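Let's start with one chain on its own, the form predicted alone, as structure tokens.
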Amino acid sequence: MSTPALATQQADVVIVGGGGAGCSAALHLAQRGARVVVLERGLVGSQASGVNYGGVRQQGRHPAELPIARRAHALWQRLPELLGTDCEFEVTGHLKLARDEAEEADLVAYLDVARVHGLRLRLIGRNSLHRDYPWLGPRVVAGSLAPDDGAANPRLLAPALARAAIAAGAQVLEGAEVLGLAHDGAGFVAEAAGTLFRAPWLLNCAGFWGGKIAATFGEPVPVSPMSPLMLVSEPVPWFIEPNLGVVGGNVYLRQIRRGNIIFGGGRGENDPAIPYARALPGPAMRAMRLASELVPALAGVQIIRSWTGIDGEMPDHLPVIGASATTPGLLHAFGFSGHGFQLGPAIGAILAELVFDGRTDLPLEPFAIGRFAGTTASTMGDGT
């Protein structure tokens, strides 16, 4: 019995991955008149973009990321205009804390980085810090406040971007696992949802699984699966206004207006081939202890839920962003190493500029996939 021929659909751009970057790219491309198809294996925002901590911070970024973070910050301010919702984005300030002299020196050194990029920071010494935030524990010796940073609900961003992209004319397909991907000489061909999607442009926004796509086109990269661990507490009276982080990043926490404390630290376990991820009790307990050191009033607060997902981690903790080194028309944006949530809206705008204009004003050289040329790819998983 013969196999029925697959339907064929022509597009201008096919995007693999329905996270924040992919859905933002779909929105910006559709707004400029492109025929866009987003192929998402699961649900929009179901992996790294939707299960993270929700920090919307510029402070602490690698200097190479700061220009993108600055552009993203401007877009976050305009979410109601762009998406019809603010995704619960709130400017709370981001207070990064030092727990010893070496960590305090790191805060001081970062002031020069921030100044170059126009990021407002205020260094706060121990006495002033404990006066202004009397709930901090005695181990905290200094802090750096980024007053313009904040937090949002990660469950809301990617779906809101997807809805706006659809309203602008994009096609967003959930449950559309990519079963085949190639370039036939005339353009890209992606098999998913019983259809062959053809387009001259392919955007690789597939998170950890972006490594498999890159390898398909002769660009293996050493991407590894990572599962940042998150927890949420029962609601308690609201008292923590800023989003809290620490030098070294081993714990972070914030309180939402409903009273729940959201905090994270450590890693869960995962199997990208399924895909599967879950929180682990050992790292969760350690994160709770570290959080209680920062804010002693959290000791004894009940945890009501924990979660994680799968993101791609690069050896240098910088994402891959920009044009393929092997295949014209292929653009990469993956491997955000656990800190891509805030960047997502701007990444989509950058990808749209690369498609339509062939350039962007932001420097992308530090994120080029060519920096991994000659390396061996890590475990890629079995799905895309």
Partner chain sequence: MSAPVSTVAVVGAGPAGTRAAEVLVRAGLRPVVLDEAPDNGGRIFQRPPPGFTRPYEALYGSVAPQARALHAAFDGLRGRVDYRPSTLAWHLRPGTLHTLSDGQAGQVDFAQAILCTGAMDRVVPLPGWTRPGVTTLGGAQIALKTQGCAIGRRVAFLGTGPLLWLVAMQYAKAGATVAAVLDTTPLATKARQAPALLAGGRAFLTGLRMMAWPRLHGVKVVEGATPLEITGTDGVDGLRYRGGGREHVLACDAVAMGWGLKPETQLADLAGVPFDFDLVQRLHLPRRNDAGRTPVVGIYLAGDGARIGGAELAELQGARAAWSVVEDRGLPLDLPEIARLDRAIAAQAGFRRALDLAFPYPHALAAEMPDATTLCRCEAVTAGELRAAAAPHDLNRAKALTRLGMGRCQGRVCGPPGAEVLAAALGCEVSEVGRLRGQWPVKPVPLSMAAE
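Everything quoted here is computed from the prediction, not taken from an experiment. Residue numbers count along the first chain shown, from 1.
The discussion below concerns the form predicted in complex with its partner chain, not included here.
Q: In the model of the complex, which of the listed residues (L298, V172, L107, L121) lies with a heavy atom within 4.5 Å of its partner chain?
A: That would be L298.
Q: State the residue from Q77, S306, T216, T195 whose non-hydrogen atoms include one within 4.5 Å of its partner chain in the model of the complex.
A: If I apply the 4.5 Å criterion carefully, the residue I get is S306.
Q: Answer for W209 alone: is it within 4.5 Å of its partner chain in the model of the complex, judged on heavy atom distances?
A: Because no heavy atom of W209 falls inside 4.5 Å of its partner chain in the model of the complex, the answer is no.
Q: Using the partner position in the model of the complex, report whether M285 sits within 4.5 Å of its partner chain, counting heavy atoms only.
A: M285: contacts its partner chain in the model of the complex.
Q: Decide whether R289 counts as a contact residue for its partner chain in the model of the complex under a heavy atom distance cut-off of 4.5 Å.
A: Residue-level check for R289: yes, a contact with its partner chain.
Q: Decide whether V44 counts as a contact residue for its partner chain in the model of the complex under a heavy atom distance cut-off of 4.5 Å.
A: Within the cut-off, so yes.
Q: Counting only heavy atoms and a 4.5 Å cutoff, which of 128-136, 183-191, 149-157, 310-318 contacts its partner chain in the model of the complex?
A: Every other range fails; the passing one is 149-157.
Q: Residue by residue through 262-282, which ones have a non-hydrogen atom no more than 4.5 angstroms from its partner chain in the model of the complex?
A: Heavy-atom contacts to its partner chain in the model of the complex: F263, E269, R278, A279, L280, P281.
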